[in-house]
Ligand code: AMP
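The chain below stands alone, shown as structure tokens; this is the form predicted on its own.
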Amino acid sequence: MDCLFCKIIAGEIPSTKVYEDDKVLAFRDIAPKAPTHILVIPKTHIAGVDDITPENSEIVSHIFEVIAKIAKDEGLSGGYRVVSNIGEDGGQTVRHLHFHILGGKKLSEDMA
């Protein structure tokens, strides 16, 4: 599989890890759109939100638990945004389920 995020999970491509457990990996975005910009991805390849099923949806619940922990650890007490782009028209550039945590400043209402 030629998936960028799968290669990051495998350690073939370096990343700045923020959190890791047996199910997910979180790392800093290389082109941040906010002072805090972290990606949270499942270690199991799921192409995107549109490929979440009853068989794999438990990972999404876990991801959101991890997102809350990371936001607290990063000091995002004033709020933050969680974004997932779906498909080409939605701006998804890596076809592996991922959630962006954006924060560290007052975010524009039109920023996504």
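None of the values given here were measured: they were computed from a predicted structure. All residue numbers refer to positions in the sequence shown, first residue = 1.
The next section is about a form of this same protein that is not shown, the form predicted in complex with adenosine monophosphate.
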In the model of the complex, does each residue in the set R81, I101 and S108 place a non-hydrogen atom within 4.5 angstroms of adenosine monophosphate?
no
Would you check, heavy atoms only and a 4.5 Å threshold, whether A10 touches adenosine monophosphate in the model of the complex?
no
Please determine whether K69 contacts adenosine monophosphate in the model of the complex, using a 4.5 Å cut-off between heavy atoms.
no
Taking adenosine monophosphate as it sits in the model of the complex, is E74 in contact with it (heavy atom to heavy atom, 4.5 Å or less)?
no
Please determine whether L39 contacts adenosine monophosphate in the model of the complex, using a 4.5 Å cut-off between heavy atoms.
yes
So which residues in 69 to 104, when you check adenosine monophosphate in the model of the complex, have a heavy atom no farther than 4.5 Å from it?
N85, G91, Q92, T93, V94, H98, H100
